[in-house]
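Here you get one chain, nothing else, as structure tokens; it is the form predicted alone.
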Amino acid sequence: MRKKKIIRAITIIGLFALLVIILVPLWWCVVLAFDRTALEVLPAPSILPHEFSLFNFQYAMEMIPLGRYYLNTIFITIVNTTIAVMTSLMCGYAFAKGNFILKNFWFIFILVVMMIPFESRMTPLFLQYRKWGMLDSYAPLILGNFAYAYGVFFARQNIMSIPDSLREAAYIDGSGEWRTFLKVIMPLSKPLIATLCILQVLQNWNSYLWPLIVISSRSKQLISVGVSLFSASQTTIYYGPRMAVALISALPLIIMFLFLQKNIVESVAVSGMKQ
């Protein structure tokens, strides 16, 4: 019994040490963002700003159109998340409960596509969208979300755990396939939907390489590329403004994850269950 307590205490201390290692740089980033003295000289680490001010945020907003980048990113995130989640749910439902020709073959084909790195497909996709005249628009950022391979796989694994008896009961009551999907499957897939939404928001909000390649107009860029453009445009190392931009870009994701993190655990737990 005593040995278990010692192991438990060591585990708690180790986890607390890891938490401190992770949180200290993040807190220092917040401190530098609000520190007026954090410009050309990096101030000594401290718990609170040496001179509290919003100057760094004001300077960053004057240098780049952060508001515009935010609106662009929110628009792309909402559109892509809606498309990816709905198509993933519909395809996942079809692969989990449907019965059609070569179902297993097409599912394996989707898994193969998921395993191919995006970097290896990036050049052909760029040439394709250039031929279609879609460069410097949001079309290349949106069209690919109609085939969210990981979402299809994840949705299938979750929907497979829903008992077939519920679908059969709906059919007996006169419900069709679409009504069964909307009224039975989707209400039972709330953790799955929340998880897919979180993954899509993270993916779209942090997307950098593809928007940088296909969008040339700065007014159409996303917040991730905007942060990079801000850092590249500075000839002097302004620590405070850089940290302010980083904090502004990451804040929505932090808030969203704090409110929805339990849904990820629930969905992953359900995906490992079998009827």
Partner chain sequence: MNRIVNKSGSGIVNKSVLWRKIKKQLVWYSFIIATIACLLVLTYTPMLTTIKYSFYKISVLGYGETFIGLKNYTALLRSSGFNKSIVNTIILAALNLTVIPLGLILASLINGLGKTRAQSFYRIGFYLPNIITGVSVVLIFQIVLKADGGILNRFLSYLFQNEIKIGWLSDSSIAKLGASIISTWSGLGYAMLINLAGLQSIPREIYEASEVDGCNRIQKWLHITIPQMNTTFIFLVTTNLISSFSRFTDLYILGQNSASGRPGGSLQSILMYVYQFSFETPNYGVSSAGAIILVIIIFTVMVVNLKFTGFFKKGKE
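So that the term is clear: the rigid core is the largest set of C-alpha atoms that superpose within 1.5 Å between two forms. Positions refer to the first chain, counted from 1. Note that the structure is a prediction, hence the values are computed from the model and not measured.
Heads up, the form predicted together with its partner chain isn't pictured, but that's what we're talking about next.
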{"property": "Contact of Ile47 with its partner chain in the predicted bound form (heavy atom, 4.5 Å)", "result": "no"}
{"property": "4.5 angstroms heavy atom contact with its partner chain in the predicted bound form for Trp28", "result": "yes"}
{"property": "Contact label in the predicted bound form: Ala232 to its partner chain, heavy atom within 4.5 Å", "result": "yes"}
{"property": "Partner proximity in the predicted bound form: Tyr129 to its partner chain, non-hydrogen atom cutoff 4.5 Å", "result": "yes"}
{"property": "Residue stretch of 189-197, 158-166, 109-117, 74-82 approaching its partner chain in the predicted bound form, non-hydrogen atom distance within 4.5 Å", "result": "109-117"}
{"property": "4.5 Å heavy atom contact with its partner chain in the predicted bound form for all of Thr11, Ile213 and Phe257", "result": "yes"}
{"property": "Listed residue (Ser175, Ser137, Gln203, Thr87) with a non-hydrogen atom within 4.5 angstroms of its partner chain in the predicted bound form", "result": "Thr87"}
{"property": "Sequence-ordered list of residues in 69-95 near its partner chain in the predicted bound form, where near means a heavy atom within 4.5 Å", "result": "Thr87, Met90, Cys91, Tyr93, Ala94, Phe95"}
{"property": "Rigid core fit then Trp210 CA moved by 2 Å or more between the shown form and the other one", "result": "no"}
{"property": "Shift of His50 between the shown form and the other one at or above 2 Å (CA, core fit)", "result": "yes"}
